[in-house]
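Read the single chain below, which is given as structure tokens and is the form predicted on its own.
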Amino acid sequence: MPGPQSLARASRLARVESRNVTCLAPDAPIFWEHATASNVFDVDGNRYVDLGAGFGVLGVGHAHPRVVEAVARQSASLVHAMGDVYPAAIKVDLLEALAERFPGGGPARAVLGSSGSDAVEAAIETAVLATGRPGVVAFEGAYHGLSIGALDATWRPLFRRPFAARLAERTSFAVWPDAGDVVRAASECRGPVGAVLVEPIQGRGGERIPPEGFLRALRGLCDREGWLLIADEVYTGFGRTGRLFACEHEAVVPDLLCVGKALGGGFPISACIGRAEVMDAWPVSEGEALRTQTFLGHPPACAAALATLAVLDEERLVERAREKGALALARLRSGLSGRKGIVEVRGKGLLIGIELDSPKRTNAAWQRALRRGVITLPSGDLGNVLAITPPLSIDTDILALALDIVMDSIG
């Protein structure tokens, strides 16, 4: 592997896709053909255990029957509506379900989108409207998306540098995870600060977990300074860390909450959910919405999201993520203890990272694991962390076997 069909697809792709999108060298990627539960099959018939869940999207597993059925049923009756003019009825159901799950309870409102970047853009715009201040403090290592507004708050120079001339540069970065450094960062921001934007656990930044009390300290600081606290839970939301939202580990209620990825069970949908008094900074629509898109409240995506929320509850996937995550972390720490090249094994729920001492070692490990039928991903600014974020529904025995293969692949 990659097999002949994947190689052929790679050759065809190279002729028609922008060369910056899919990495085709030095080895062609495998091309997925179908998937179910925690298994992925490529176009050459190879089967893999998916420890990436499609960048954390498939929390309920690939092609969960409840999600597939909901999408099929909705698609048969209404595929598209005019989301901000003549909405689909199901949009109301989803917004009510999201408001009910907002941390801390209390009145909440939301803006729907299609991607995590959409949710972050909506949160930043809400903060500007609510505070009148454009400045944002984010953190070193942060990843909030690649659309221009979200990119301004994304840390990695690789993403920022090519588009620097288009960035607003109204974001200042604090050291992760240092709540005290936020004050310093705010003083250096090129605009008066209205919000602090934080991932409760950094995902693409390398599965980096802050110390206990970090989020509470940020909440207190924001309250004292009159800043809004925006929690980017696009990656960590909907059970990934063993709580519905990662901020709930410290009982912290953000002003604005960005969600996506796992919300749609495989379908593109996201939301910025916020306290009603904050969200009401948006003016009443008089026919032209300031934050909308053609596919806002897309009916099949809303159906998928509602089915996903039902599966999370009915199959106790949040609790199962907490239990399986603890077992997985213990297994990895025991198996890798004393192993050369291991810097740290860390995790919360089923968001786990194995930090190695070099990107080269990490790259070799995930390639070896792939060839043995296990999908993982490198992460972190340096690419030296092996990320393990399987479906929350993964079978315990399958997870244990896959983890053993990962440890063997590290060498």
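Each residue number is its position in the shown sequence, starting from 1. Model, not experiment: these values are computed from the prediction.
In what follows, reference is made to the form predicted in complex with a small molecule, a form of this protein that is not presented.
When contacts are judged by a 4.5 Å heavy atom cut-off, residue 196 does not count as touching the small molecule in the predicted bound form. Interface residue remark: residue 305 is not counted as part of the site for the small molecule in the predicted bound form, having no heavy atom within 4.5 Å. For residue 204, a non-hydrogen atom is located within 4.5 Å of the small molecule in the predicted bound form, even though that partner is not displayed. Residue contact check for residue 116: one or more of its heavy atoms lie within 4.5 Å of the small molecule in the predicted bound form. Here the marked residues 120, 144 and 234 all reach the small molecule in the predicted bound form, each with a heavy atom within 4.5 angstroms. Comment: 196-204 is the region of 215-223, 196-204, 306-314, 81-89 lying near the small molecule in the predicted bound form, near meaning a non-hydrogen atom within 4.5 Å.
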